[in-house]
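Single chain ahead, written as structure tokens, the form predicted alone.
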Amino acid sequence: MSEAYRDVPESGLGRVKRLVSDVANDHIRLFLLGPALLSLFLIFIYPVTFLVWTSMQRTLAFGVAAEFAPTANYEAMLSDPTFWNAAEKTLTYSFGSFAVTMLAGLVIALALNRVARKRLRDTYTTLILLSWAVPLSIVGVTWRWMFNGQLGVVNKLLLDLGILSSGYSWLANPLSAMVVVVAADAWSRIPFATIIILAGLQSIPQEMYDAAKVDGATTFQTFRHVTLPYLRPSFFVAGLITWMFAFRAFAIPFSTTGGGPAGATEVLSIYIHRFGIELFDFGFASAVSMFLVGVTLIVAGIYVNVILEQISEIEE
């Protein structure tokens, strides 16, 4: 500021403007981060804190807290055989859906990436996304009808082809019921994995393929040494999100089998629903929910570290 301007006395309005400007500059971070921090508190911190508190309460009928017992619900959970059955079914369900989703997503993405015409590729991609737009509860009801033992379209097709001689009750057998719910879950998640992997494929520099071609690499060698290394971050991101949603899945197994037969498809979310919604034992249901959240956070943390290592290897 020149000496001439420094000698000019500041008016009252000027001092107010300067004061407001100084306050805004000093607290700009708070102004910008405030709404985000408030949203984080309302959406995540408060619900989780309330969940932890509830999990340490013995509850009476209709969810009324009766006694503070920090470990009672967790001890009851760990000593309940049906909890371990639900945990086992959850792992089978989530990793089964993960495997089918990622394998099918990779195959479809590779096929779409080979389509030269962009308009045709976009059309195929849009058609694939249709299954992703269907609500999960509708997916479950549809697959339950498809595999109905008496009127299901799958039984009718197999009977017409001569593969079956009589109707088969797919959802009454523990193994086939699990296969059906896993297939239904994977069917609804394949489009998401396909889009993520396809984006990863299209980000690979064409020069890498040209260099591999000059070196005389076969198609398999090119896929192994060029495509896969660049694809790993996209593959891991799609895999993590797919597994997390499948691990906490409720709508598809509940609307398809309701957890049956005899608990063969009762995943942890259905187990929580049984105690929290049907029996009003909110304390016990909250303890199981804490287990579900804890496992998800641990796996997500490990997965993110792996992804970051993969990205660092590619950048090096």
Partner chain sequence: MAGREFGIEKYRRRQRFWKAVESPYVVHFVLFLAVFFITAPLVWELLTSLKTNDAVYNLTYLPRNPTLESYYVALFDRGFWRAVVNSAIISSASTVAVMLLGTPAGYVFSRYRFPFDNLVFTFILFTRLFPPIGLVVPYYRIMQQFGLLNTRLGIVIANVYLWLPLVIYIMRNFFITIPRELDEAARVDGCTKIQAFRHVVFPVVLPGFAAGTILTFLYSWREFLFAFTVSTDLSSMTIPVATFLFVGDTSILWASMAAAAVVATIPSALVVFFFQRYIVVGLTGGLKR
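If you superpose the two forms and keep the largest set of C-alpha atoms that fall within 1.5 Å, you have the rigid core. Residue numbers count along the first chain shown, from 1. Predicted, not measured: the structure shown is a model, and the values here were computed from it.
Another form, the form predicted in complex with the partner chain, is not on view; read the next lines as being about it.
Distance criterion of 4.5 Å from any heavy atom to the partner chain in the predicted bound form singles out 199 from the list 199, 103, 211, 228.
Site annotation in the predicted bound form: the residue of 172, 164, 91, 127 reaching within 4.5 Å of the partner chain with a heavy atom is 127. The three residues 141, 153 and 276 all sit with a heavy atom within 4.5 Å of the partner chain in the predicted bound form. Only one segment in the set 75-83, 91-99, 188-196, 173-181 has residues whose heavy atoms sit within 4.5 Å of the partner chain in the predicted bound form; it is 188-196. Within 4.5 Å of some heavy atom of the partner chain in the predicted bound form lies at least one heavy atom of residue 135. In the predicted bound form, the partner chain sits within 4.5 Å of a heavy atom belonging to residue 251. Using a 4.5 Å cutoff between non-hydrogen atoms, residue 47 counts as a contact of the partner chain in the predicted bound form. Contact check for residue 56: no non-hydrogen atom falls within 4.5 Å of the partner chain in the predicted bound form. Scanning 99-130 for heavy atoms within 4.5 Å of the partner chain in the predicted bound form gives 107, 108, 111, 112, 114, 115, 120, 122, 124, 125, 126, 127, 128, 129, 130 in sequence order. Once the rigid core is overlaid between this form and the one not shown, residue 258 does not reach a Cα shift of 2 Å, moving by less than that. After superposition on the rigid core, the Cα atom of residue 20 is displaced by 2 Å or more between this form and the one not shown. Fitting the two forms on the rigid core leaves the C-alpha of residue 279 displaced by under 2 angstroms between this form and the one not shown.
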